[in-house]
Ligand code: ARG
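In the form predicted on its own, a lone chain appears below as structure tokens.
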Amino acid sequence: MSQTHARTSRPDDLASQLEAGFRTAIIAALAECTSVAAAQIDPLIKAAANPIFGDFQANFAMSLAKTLGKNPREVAQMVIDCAPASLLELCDPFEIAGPGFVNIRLRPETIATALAQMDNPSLGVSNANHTHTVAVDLCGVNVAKQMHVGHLRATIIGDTIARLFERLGWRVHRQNHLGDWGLPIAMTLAALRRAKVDIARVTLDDLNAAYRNAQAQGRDDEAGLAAAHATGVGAHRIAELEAQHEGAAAAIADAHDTLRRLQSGERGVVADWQKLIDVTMHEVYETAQVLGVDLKPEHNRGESFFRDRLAPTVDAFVKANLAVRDAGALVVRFDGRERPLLIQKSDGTSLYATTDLAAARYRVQDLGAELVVYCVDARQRDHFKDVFDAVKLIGWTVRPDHSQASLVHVPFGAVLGADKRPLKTRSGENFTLKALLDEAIARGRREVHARAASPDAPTASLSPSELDAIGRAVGIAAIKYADLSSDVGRDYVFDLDRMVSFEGDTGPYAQYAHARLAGILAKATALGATSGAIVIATPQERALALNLLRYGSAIEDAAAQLAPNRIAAFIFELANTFNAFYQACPVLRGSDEATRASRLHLCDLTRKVLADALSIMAIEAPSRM
């Protein structure tokens, strides 16, 4: 996805300052040259691959040299000679390397000043002050069904994307698109009423079983019955198939009647339907709380919310001559694509696509979203392509202020077991999300209690309940980080042993880095040591400082690309860089007062940034582990 908003210039954004300075230098160096296009004035600043050669590198010389007919190193020197004072003040003398790369090393004072400027509540993150609006479609459970591992991904990916934009100051609308309307829920409700179940006392397990039974009861075998008659398999088998067919037809008829009564607002049916929603959502909200996800009743925008908008949606496509009849149904056709979008069946009923069209219109036109993000299974890719193209055809991507909204599907892959197949229980059932989280929490608690058994462990003095709380945080972090740190579009293998590890690219590893930082700062307070002006003297201090200064741009990049794994990559790199600093640079021992104060300041800022970055994933940052 392209950038969704312009990068905000900040005093601590050194890359932007370097880019501006080199751009000025390039323009000055080429003042008399008319053959260079504006696009070629990009300094092409990037972080240096190896700190031996500097902190950044400018790669403009090669492309300009071709246009100018000069040697790239000569072009690089021309630009350096025109560098403005504002650029020279930031850097040590430039070095031209290889075929014309310009190696850039920042002055230590430049880095220290930028760190001081970012050490405030913003932590170097720009704030849009609600001048931008995004709607995020997340979770999307079906009523009367338990949450499974697929809902884990839709929920935490959507929540993290929402949090990224909230951190950047956007107005965010979470949209939980419930499957709470139409024939499937009517089939479940009808089956419960036929069985005379006391719906006032029903549990989610009851609903889940009723849902499966209703699907089975409504499944006939008309083709099998016809084949049985044709092949003469015997009266007994034919009688079985006829009974199945008649039973299924009766169940479907009952479901349609229940749906009609629900849609007409019959009080008793509506009350029972609402009870099904309440029971389903009770567990959803409990699960969201365990995951730290911001999901509340006010975020629900289920199919029922759009029921009165379906007919106007279809009418709008008909009036715009975009919907045509096909065997009695209404479809939207696209140039160069055989697959049409079905928006109304031949019997006049609507489909999922109709609801999604109405929802897209609501999110852009009513909520004013300039960006609408759909965190939905990758198997729905074609569906959303068709829906988005239909919305564009009818002009509903044009916002009230006449700007264009973007509709983006973030397709996520499957969670796989060790056999590289969709994760199942040993009995072959789909893993419920609750069972998965319970197992992760149990594993996290076992790990934390085991580590606390060592007398010199930071947690050795904690009570069992305190250790349980940390273990719960570790288990949830393990699952969430493993999911969010991968490319969301790819399948990944669920390996709880690896996820709960305190080593490597895991959630507990990042949490442990935070706890170590908190421990250092607590000891400093106990000793009466205080932080002071930052001084960059060692390679490890420089590396940690430069990582911290990347935080604002890392969040902007993760949001612009709708890629939670990019913020996870930042967290892992920061934790790694801090650990290298911790090993090489004593903070409380063996250093003079000024060095100790500087390193304490670095630790304090690192702890703040790490906790803030983890909060974007809604991962707890314990102070002791």
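Numbers follow the displayed sequence, beginning with 1. Since the model is a prediction, treat every value here as computed from it, not as a measurement.
Keep in mind the form predicted in complex with arginine is missing from the figure; the text below concerns it.
Exercise for the section: Report the stretch among 379 to 387, 92 to 100, 544 to 552, 201 to 209 that approaches arginine in the predicted complex to within 4.5 Å, counting heavy atoms only. Expected result: It is 379 to 387 that comes within 4.5 Å of the partner.
Exercise for the section: Find the only residue in P458, G169, G140, G292 having a heavy atom within 4.5 Å of arginine in the predicted complex. Expected result: It is G140.
Exercise for the section: Check each of R163, H514, H177, K480 and return the one that places a heavy atom within 4.5 angstroms of arginine in the predicted complex. Expected result: None of the other options qualify; the answer is H177.
Exercise for the section: Identify whether arginine in the predicted complex is within 4.5 Å of every residue in the set F578, Y582 and D604, based on non-hydrogen atoms. Expected result: So, no: the whole triplet misses arginine.
Practice task
Spell out, yes or no, whether the shortest heavy atom distance between D159 and arginine in the predicted complex is within 4.5 Å.
Solution key: D159: no contact with arginine in the predicted complex.
Practice task
Report yes if any heavy atom of H151 sits within 4.5 Å of a heavy atom of arginine in the predicted complex; otherwise report no.
Solution key: Yes.
Handout entry: Contact of Y352 with arginine in the predicted complex (heavy atom, 4.5 Å)
Key = Yes, Y352 lies within 4.5 Å of arginine in the predicted complex.
Handout entry: Contact flag, W273 vs arginine in the predicted complex, heavy atom cut 4.5 Å
Key = Heavy-atom contact with arginine at 4.5 Å: absent for W273.
Practice task
Between 564 to 586 and arginine in the predicted complex, list the residues on our side with a heavy atom within 4.5 Å.
Solution key: Heavy-atom contacts within 4.5 Å come from no residue here.
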